[in-house]
Structures are given as C-alpha cells and as structure tokens.
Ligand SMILES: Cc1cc2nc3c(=O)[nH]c(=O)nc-3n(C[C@H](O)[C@H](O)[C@H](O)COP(=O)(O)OP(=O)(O)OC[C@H]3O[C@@H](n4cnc5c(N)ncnc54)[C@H](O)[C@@H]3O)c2cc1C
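Take a look at this single chain in structure tokens; it is the form predicted on its own.
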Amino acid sequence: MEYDYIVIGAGAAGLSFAALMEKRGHKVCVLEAHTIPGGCSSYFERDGFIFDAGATTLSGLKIGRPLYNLMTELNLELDLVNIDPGIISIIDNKTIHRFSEPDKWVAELTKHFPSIDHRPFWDKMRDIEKRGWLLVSSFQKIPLRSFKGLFSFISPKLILALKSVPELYRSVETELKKFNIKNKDYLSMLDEMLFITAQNHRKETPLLMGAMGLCYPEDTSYAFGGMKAFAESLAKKCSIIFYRHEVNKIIPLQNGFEIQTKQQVFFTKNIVSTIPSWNHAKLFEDLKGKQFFESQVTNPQDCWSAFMIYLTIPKNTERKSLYYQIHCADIPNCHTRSFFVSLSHCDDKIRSHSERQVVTISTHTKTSQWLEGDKENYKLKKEETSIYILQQLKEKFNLQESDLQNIITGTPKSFIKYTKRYKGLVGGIPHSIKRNPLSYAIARSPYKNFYMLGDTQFPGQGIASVVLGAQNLCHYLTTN
C-alpha cells in the first residue's frame, strides 16, 4: 500500500499531524502498536470507569495557542470547561490555589508567604511566557529543517527572538536569586510545579521553559470524557489508522521507504515518526540509520518514567480544582517530593458512575528502580509505594480506607507493555541549561523525507508542545 505519509504512533503528535495533512489533501496512514489511540495521553476502562493513562491536562487553549488552533482548524468536537484554580498545591498546612488571574494569584501567595514581594517575580514570568508563546507561534520554521528556514527569522520579531536567547542559558534559580526568594516551602512549590511541566528542578530548568511551565496552570481545561474524548475526536479526523500494527523494520528505498509490521508491508514517500528517539535504532538494519539513533545525545538515564495509581473515590463537589499536587517526604522508590492528582469532573458521567470520581495519581521515578530484581521484589516495591501515596491522599483529602476503590497501579513496566516506549520513559527529555540550545532549534534526521515528532523532539513534553511540533512540521511541508 502506497501513501504520501505514514505516521508511526497515534498519540497527540501523530494524530494531529495526520489529521492536518489529510485536511490538506494528502493520503496519510497512521500505524499504532496499541488497540486504541492516545499514546502516552491514552486511557483505559475498568468496571465501567474510564481512567486517563497519564497525568495529562489540556492547556494551550488561549486564542492563538496550539490547541486552540488545532481545535479551530479541525473543528474538533470537545465539551470543555475551564479549570481555575488550575492546580492546588498542598504543602504541610498550606493549601495554595494557583489562580489564573494575576491579582488573585499574588494575593494567594501573599496570604501564605507574607514576607515576600511576589508581584515582580510573577510579572517577569508572565512576560517571558508571553514572549515564549509568541516566539514559537511566529517562527513556524522552528526547528530548522533546511538552510532556507533561516530566512524566516528576518523580520521585526527577530528582536524579540534575540531577547529570549539568554533565557535559554539562565536557570529559573538565577531569577529567584535576583528577587531574593529563599523560603523553603515556596521553592519546593516551584520545584514540584517544574517537574510536571519541564521534568526538571529550578536550578537546571532554562528560564524560558521554566516561565512557560510555571504559568501553564493559567490556561487549563478539562474535556468531558477525559483523554478518551480528546484522542477519539482527533482519530475521527484520520481516515486510515491501523491498530495493533507495531513497526518492526524500516527499509530506506530509492524513492521512499518500506515499513514492515507483523501483519503487513507498507510503502510511503515520507515517514513521520512520533515514537521516542531511542526506539528507532532497533528498526533499522541500514548502518546509517542504526548509527544515527545509537548516537543520540540525550542519555535515557537522565529521563523519567512514572509510578501511577488509578482509583475511584466518593464524589465531592466541594473540592476547588480537579488538579492537585500533594507535597510529602521522599516517596519510596520514586524521585520527587510530591505526587500529582487528577480528578474527573463531578458532572462527567462518561467517565464515572455511582456517585464516584475517577482519580489518576502520578509521580516521577527511574526505570532502573523497577526493571531490576525478581518478581517478589517488584511486588513489594509496588505495595510499599502505593501504601505510602494512598496514606497521604487519605490524610489530605479526608478519606477513609473504604472510600478507596477500584485501585490499579502502574510502573515503567506497564508503560513498556502498553506504549512500547523504550524502558517505559514517558516524560520526554527534561529541559536543562546543560542541553545545547541548538538542539531545540535544529531538527536532525538520518534520511531525507524522514521526520520526527513527539516529546523527545522539539519543543518537548506536554500535549500543547507535541501538537505545536506537528503544526510546525505541517507548515514546513506544505509551504516548501
């Protein structure tokens, strides 16, 4: 079967690209290893409840931002509600509401940290965030895929771009020092927020990405039906999707590529792969491709996987948000001092029933914690980690043991099985001042007409980011 484009992976990046290119008249086929769409932002069903597979939120829905543009162009059918506060941080006896309105947010911070002048720092973060979004939306040739793309920078907006360059080399920590912010709980709150957006802490996160990450709760929405509704609305815009088609081999040809799955052989002029960089090496027998992917700069050991708990709890309309970050001491077998809690909307009868809410809990962990040792050791680790997290949840949400039902746990092994991602790494590549900024701006590929998207490519993790990458590649391919 011959196609203009074959897309590997039916996650947010792959489905967005396929739907946009099909709308422009191209014959596009999506190959997905799993039985359903969504990738890392997928879902599963148990006992009549629909659980989001990951700690995913919808942001980038303000006018001109990636999800707004995607929904507008594709006319996606989603029932959305804005969530404000976008996240609530629970730190010891502090319950901090991250309001979207700047004055309310400053007032909330002042209530909990009265000795700090908060406005100058957050005004600076908001200014950097706006420039960041303007930058990535104005220069659609980023990442550069050809020399001609350099000419897209010759515009009045170049000054804006140059102003943002130093913010790739400075950390969030350097800015905090300028404002003399030293409160331990305050810094912990920022660190844990950065971990769920930039996959890194304040001392290493570049200021540009850090500001965008810290401001993301100002633009948070919930889709009724959860990630299932989002993934399926995109999948409906793609005419050809083959599920249970894990790609086993890619063979470069003179005028395209041969792609082999267990069931079928496909031919295409162009490949767009959304699987992680590290997954590619095993797909090529061709020395050029194998060597390229084996020499990828980012060490997978620097990246994160997740420990997950899925459960249901009694419906509570008194809670002020659907998203919480609960701070605690070191979590057994994990590597951050908080866990992220996502709740289904109380009125979402698609995902839940019996007057209960669906809950997804996520925290960062290293793959090595879970792939080493025997089955008994693995089982004990899961139990130890679950007991600790659920005890914290009961205390902070005022729940009894009997309130916790339909409990399921997930580890890096779960992500290896269901997403096929290398070692279960699901968080993308952490943003870091140690990373060469040119890696954000230049797209590398071993072959002509072989393109890569997703959270190990520009511009990084999160649905808004991978959708932006798909939009930029679509723009490049249809304007050159």
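Source: prediction; values computed, not measured. Note that residue numbering begins at 1 and tracks the sequence as displayed.
Form predicted together with the ligand: not shown, discussed below.
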The listed residue (F49, Y43, F415, Y451) that reaches within 4.5 Å of the ligand in the predicted complex by any heavy atom is F415
Note which of D302, E77, E246, E101 lies within 4.5 Å of the ligand in the predicted complex, where distance is taken over heavy atoms; exactly one does.
E246
Classify L20 as contacting or not contacting the ligand in the predicted complex by the rule of any non-hydrogen atom within 4.5 angstroms, answering yes or no.
no
Can any non-hydrogen atom of T367 be found within 4.5 angstroms of the ligand in the predicted complex?
no
S352 versus the ligand, in the predicted complex: is there a non-hydrogen atom within 4.5 Å?
no
At the 4.5 Å heavy atom threshold, is H431 in contact with the ligand in the predicted complex?
no
Would the ligand in the predicted complex be within 4.5 angstroms of a non-hydrogen atom of every residue among I88, V172 and L208?
no
In terms of non-hydrogen atoms within 4.5 angstroms, which of the given stretches 174-182, 274-282, 110-118, 403-411 touches the ligand in the predicted complex?
274-282
Sequence-ordered list of residues in 39-67 near the ligand in the predicted complex, where near means a heavy atom within 4.5 Å:
G39, C40, S41, G54, A55, T56, T57
